[in-house]
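Heads up, the chain below is alone and in the form predicted alone; it's given as structure tokens.
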Amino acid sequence: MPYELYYWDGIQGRGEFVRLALEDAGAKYIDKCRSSTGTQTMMEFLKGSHGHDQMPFAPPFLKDGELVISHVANILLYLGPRLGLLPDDEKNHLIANGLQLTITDFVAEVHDAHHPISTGDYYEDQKTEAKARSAAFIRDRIPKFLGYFERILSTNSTGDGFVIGNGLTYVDLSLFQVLEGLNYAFPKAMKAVEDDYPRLALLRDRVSKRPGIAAYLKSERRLPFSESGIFRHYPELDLNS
């Protein structure tokens, strides 16, 4: 049976980290909320009215048979060994999960750059605060996180340019998505530091050329970045704006 991915239709969001793993591996999956009844089914799961004993707090979540797995890092930890995107040993499972959780923290800060006060209010209602938050994010947090992952890449002497072990894992795919998103949201800021993270730049380029990812990026399945997702381009929030 194909995997069933549940996430809001029309945006990449956090669901994209799971899609990239499935697409790279050529796994069969159904993006449920792109069907006519998928969103209703997803809401039934979230409200606990689906008659299932597993109730996610929020999407994305993945259904594999009778098993329901929520949270991006948890989903990828489950899929990694099954899709050939994680080494077999427990040590590397824990390392990968820790790195993915760090990416989760980073993504949350990306979101808070444009919604620093409340997720329930529009960006237009918190533009002044978002301007200050984005300036701090560009100045302090982008170097903090990207510098960390650049160092991780530099310490993996057997990885051939990947984060863990001697081949690509789901963490590499997630870093690709983060870099793509940051270049969309903060093009001036990222241009200013493009020479500071050569290993990450190489990783981004290599992932984009993988057969499954290259085909996905050209397909209609890959939704564009937009101002409804996590990575949003508001020119006034970029560097020196």
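One rule holds for the numbers: they count along the sequence shown, beginning at 1. Predicted model, so just to flag it, every value in this text is computed and none were measured.
We do not show the form predicted together with a further copy of the same chain, though everything after this point is about it.
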query: Any non-hydrogen atom of Asn74 within 4.5 angstroms of a further copy of the same chain in the predicted bound form; finding: yes
query: Interface membership of Met55, a further copy of the same chain in the predicted bound form, 4.5 Å heavy atom rule; finding: yes
query: Contact test in the predicted bound form: Asp160 vs a further copy of the same chain, heavy atoms, 4.5 Å; finding: no
query: 4.5 Å heavy atom contact, Lys209 to a further copy of the same chain in the predicted bound form; finding: no
query: Heavy atom within 4.5 Å of a further copy of the same chain in the predicted bound form - residue from Met190, Leu200, Leu46, Ile213; finding: Leu46
query: a further copy of the same chain in the predicted bound form reached by all of Pro116, Glu129 and Arg139, non-hydrogen atom within 4.5 Å; finding: yes
query: Contact stretch among 56-64, 180-188, 23-31, 201-209 - heavy atom within 4.5 Å of a further copy of the same chain in the predicted bound form; finding: 56-64
query: Stretch 77-94 - residues with a heavy atom within 4.5 Å of a further copy of the same chain in the predicted bound form; finding: Leu77, Tyr78, Arg82, Glu90, Lys91, Leu94
